[in-house]
Ligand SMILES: N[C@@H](CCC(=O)N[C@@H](CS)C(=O)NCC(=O)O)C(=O)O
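For reference, the chain that follows is the form predicted alone, supplied as structure tokens.
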């Protein structure tokens, strides 16, 4: 008997979805990946999650029937690592990890969006939005000056929860980002971009349509 896989609705470039996919890879779990097009979201996703944002993890019973739905990337990250955490990503200080991710999601993301889409937010200049975002970058730089990763010498949930957003910030203008006075953060990001887990997370898939053959993600472990 084939056991049904949990289903992850995802969008490759979304940092929240990257966070969820990284969690799945580090948890060494497998899901059925359903890549979506934001302008044409599948009805199946909207039925289980009307808010229409990714990621969405639909947990299913062994017979394929729905068990429950997890709609927030932080909750997906926590859930998958609670199922299996072979590298001990949850072993680091959970209070510090949660506080950093909270600051990322509630403060840094606000300035990241305005920096990336400054023409939509004329209240401040793009440079001013970047400088607001740099407040958080400095926090990360200070942590990385002490350790290889944010909370120590091993990867934690904070690293995989925050890295996709720093990547997005850097990609607004990479020349500017790598000229900023954050050498430890820049090296941390470079290392992540070359990490086998991240490269696996960024493999491209065709947009899912009903009736398609299931795409198993990840296909194998990068470790």
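These numbers were taken from a predicted model, which means no experiment stands behind them. Residue numbers count along the first chain shown, from 1.
Not on display, but discussed next: the form predicted in complex with the ligand.
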Distance check, residue 47 to the ligand in the predicted complex, heavy atom within 4.5 Å: no
4.5 Å heavy atom contact, residue 208 to the ligand in the predicted complex: no
Non-hydrogen atom contact residue 181 with the ligand in the predicted complex at 4.5 angstroms: no
Contact label in the predicted complex: residue 71 to the ligand, heavy atom within 4.5 Å: yes
Region of this chain that lies against the ligand in the predicted complex, out of 54 to 62, 154 to 162, 169 to 177, 190 to 198 [heavy atom, 4.5 Å]: 54 to 62
